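Take a look at this single chain, the form predicted on its own, given in structure tokens.
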Amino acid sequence: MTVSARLADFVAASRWEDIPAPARHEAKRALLSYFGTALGGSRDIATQHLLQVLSRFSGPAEAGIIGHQLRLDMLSAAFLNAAASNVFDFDDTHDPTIIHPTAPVAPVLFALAEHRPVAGRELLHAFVLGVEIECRLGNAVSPEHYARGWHITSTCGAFGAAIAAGKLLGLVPRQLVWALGSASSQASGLVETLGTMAKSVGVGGAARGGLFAALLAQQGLAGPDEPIAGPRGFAHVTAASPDFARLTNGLGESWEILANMIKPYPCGVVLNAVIDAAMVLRQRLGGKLADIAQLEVVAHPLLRQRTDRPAPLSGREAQVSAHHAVAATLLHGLPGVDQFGDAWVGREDVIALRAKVYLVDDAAMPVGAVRLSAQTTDGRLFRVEIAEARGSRSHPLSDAEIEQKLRRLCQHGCPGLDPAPLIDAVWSLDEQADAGVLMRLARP
């Protein structure tokens, strides 16, 4: 049996009862964060540009846009809601692939739930399975896939979206393989786009492409027998030595959603520990930032490779700038969306403090750990070490903190909306007869 066929058989045979309670709960946490990040990003300029173009070509008004009254066709709605939820880089992150698993998958399912009746547990079940295949595929091609320049959320996300939609549509195994084939022909996205609006095109395209692939398979559009592990399939094309054991071993026994992390800050996940360290340093300095002569950030080389941007020109670049993360946190305290926005990037005090930040590689340090040191003008040295960042698997956000994250983001992007009914509906989703009600609660 091919790798793709094994995955399809597993998904088709899976029952709601097979999903353990911890995985169900983690799925709700991810969806709670998803609605928060999508509401927060609903008025972002990139979202507005995408909305203006896609609405010109939309088909029937089948599905809603989070944070808006507007309804578009399912494919366009899935695209926009995926892009909005990822636009601030504030969405959940899978360890160790760094996939943002929910953004490409959840919008597809809610678009379908508005098109036809879908029970809450059906949607949750399909969501867990989509995340499972998406992240297992990421495991199989990591770390080379990202290192080559593929934006792994956009590439693997298309497969997760196709599987989730296929499960909700009741596709049989052969159709699910076809859906994977059509997803493979659309899976794209480049790391070069990070820090620009174009990143949102890849994430939105993953959701739309996955849904499109599942609908094509339902219609009978066939594809290759082995779109993933074939000689010229997705895995071999995008990674030199894919590890298919990480894709198939333990299916139904271990669950990748339990390796998901909910972000506390609106920036690249590798900056979480940097911000934690800067928060501690800010307290130790007692607000005397003028005394700082130099700030040294020591971490695994991955931090420098992804965030060495001493002079970001936009808020999007600031989301992946260690220099900006340190400066903004020292000046403001706990950073939010505004501190990673264009206005803060151009502030003179931020620019001056960013110029004092230096990144130093230490390959012996674990990925995710950081050592931040401040040298003062009078020779004093302050040092902070963070081994595990807030929001990591060993230091996860509480359910209450995720609820608060949703409230803050709702206030930022859709201040006229009361988020309380939506929060309650997410927690009780497995008891909902109509999962589409959540989308109605996510509009002003």
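All values reported here derive from a predicted model rather than from experimental measurement. Whichever C-alpha set is largest while still superposing within 1.5 Å between the two forms counts as the rigid core. The first residue of the sequence shown is number 1, and the count goes up from there.
Same protein, other form: the form predicted in complex with a further copy of the same chain, not shown, and the subject of what follows.
J.: Under a 4.5 Å heavy atom criterion, is P117 part of the interface with a further copy of the same chain in the predicted complex?
T.: No, P117 is distant from the partner.
J.: Is there a heavy atom of E122 no more than 4.5 Å from a heavy atom of a further copy of the same chain in the predicted complex?
T.: Looking in the predicted complex, residue contacts with a further copy of the same chain do not include E122, since no heavy atom lies within 4.5 Å.
J.: Can you check whether E192 is within 4.5 Å of a further copy of the same chain in the predicted complex, heavy atom basis?
T.: Yes, contact at 4.5 Å.
J.: Do G220 and a further copy of the same chain come within 4.5 Å of each other in the predicted complex, heavy atoms counted?
T.: G220: yes, in contact with a further copy of the same chain in the predicted complex.
J.: Among 248-256, 275-283, 177-185, 347-355, which stretch sits within 4.5 Å of a further copy of the same chain in the predicted complex, heavy atoms only?
T.: Checking each option against the 4.5 Å cut-off leaves 177-185.
J.: Among F340, F110, F79, F127, which has at least one heavy atom within 4.5 Å of a further copy of the same chain in the predicted complex?
T.: After the contact test, the surviving option is F79.
J.: Among the candidate residues E296, E317, D73, D291, which is the single one with a non-hydrogen atom no more than 4.5 Å from a further copy of the same chain in the predicted complex?
T.: None of the others qualify; the residue that does is D73.
J.: Using the arrangement in the predicted complex, list in sequence order the residues of 228-244 with any heavy atom within 4.5 angstroms of a further copy of the same chain.
T.: Contacting residues: G230, P231, R232, G233, F234, V237, T238.
J.: Relative to the superposed rigid core, does the CA atom of R208 travel 2 Å or more between the shown form and the other one?
T.: R208 C-alpha, core-superposed: shift of less than 2 Å.
J.: So that I can tell if H100 moves, could you say whether its C-alpha shifts by at least 2 Å between the shown form and the other one after the core superposition?
T.: It does not, since the H100 C-alpha is displaced less than 2 Å between the shown form and the other one after the core fit.
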